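The chain below stands alone and is given in structure tokens; this is the form predicted on its own.
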């Protein structure tokens, strides 16, 4: 016979654990975003060359694939995550310097920042309040990423502005899906590692911001 008291205690413990992961994730996300902003400002101050962006992304990607998963269950994982986000912020600074030098650069950067914040807060808030299961989106997101990667490689040779516009728009949609997917997993107690949860959401925010910059730059003739 089931023990109602044990079931209630188990459910309460699960809810406490989920709330802890959620709280730690958003605290760490805020800290890493702030650190990225600092390294981006440092990059702007040093006038980092454009190639810095690609170099930073490649190193950050390697750390995210090979190092972070091995350290995510220890305090060392936090240090690795700050290293990754710091590198991405530093690379972003090199891109921002190019946009800020354009005629409508400051407005473009401001709109991209505001748009990214609105997308993240809106989608994250919806996923948390609705508590819907967005796991069904996993297959669609994966298929979409494969199509986008193919399109990016193709556009290296084609250099078509219309295709660049489509790619940026697709990335924004896919990363928005990732935010719903990842936030839902945390809210439902399916993601228990706040370091990896932070990493996933951070990458979605970073890619939305970059894609919005490109999209607004194309639409603004910059």
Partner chain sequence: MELFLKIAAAAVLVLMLFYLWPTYKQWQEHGPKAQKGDWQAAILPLGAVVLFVIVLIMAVR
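In this text the structure is predicted, and so the values were computed from the model without any measurement. Residue numbers count along the first chain shown, from 1. By rigid core we mean the largest C-alpha set that fits within 1.5 Å across both forms.
FYI, the form predicted in complex with its partner chain isn't displayed, but the following is about it.
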property	result
Option touching its partner chain, based on a heavy atom within 4.5 Å in the predicted bound form, out of 87, 80, 123, 94	123
Interface residue in the predicted bound form among 38, 163, 27, 58, criterion: non-hydrogen atom within 4.5 angstroms of its partner chain	58
Partner contact for residue 102 in the predicted bound form: its partner chain, 4.5 angstroms, heavy atom	no
Close approach of residue 119 to its partner chain in the predicted bound form, 4.5 Å, heavy atom	yes
Contact flag, residue 106 vs its partner chain in the predicted bound form, heavy atom cut 4.5 Å	no
Partner contact for residue 173 in the predicted bound form: its partner chain, 4.5 angstroms, heavy atom	yes
Contacts with its partner chain in the predicted bound form, stretch 142-160 (heavy atom within 4.5 Å)	142, 143, 145, 146, 149, 150, 152, 153, 156, 157, 159
Core-aligned CA displacement of residue 173 at least 2 Å between the shown form and the other one	no
Shift of residue 59 between the shown form and the other one at or above 2 Å (CA, core fit)	no
C-alpha of residue 160 off by 2 Å or more between the shown form and the other one on rigid core	yes
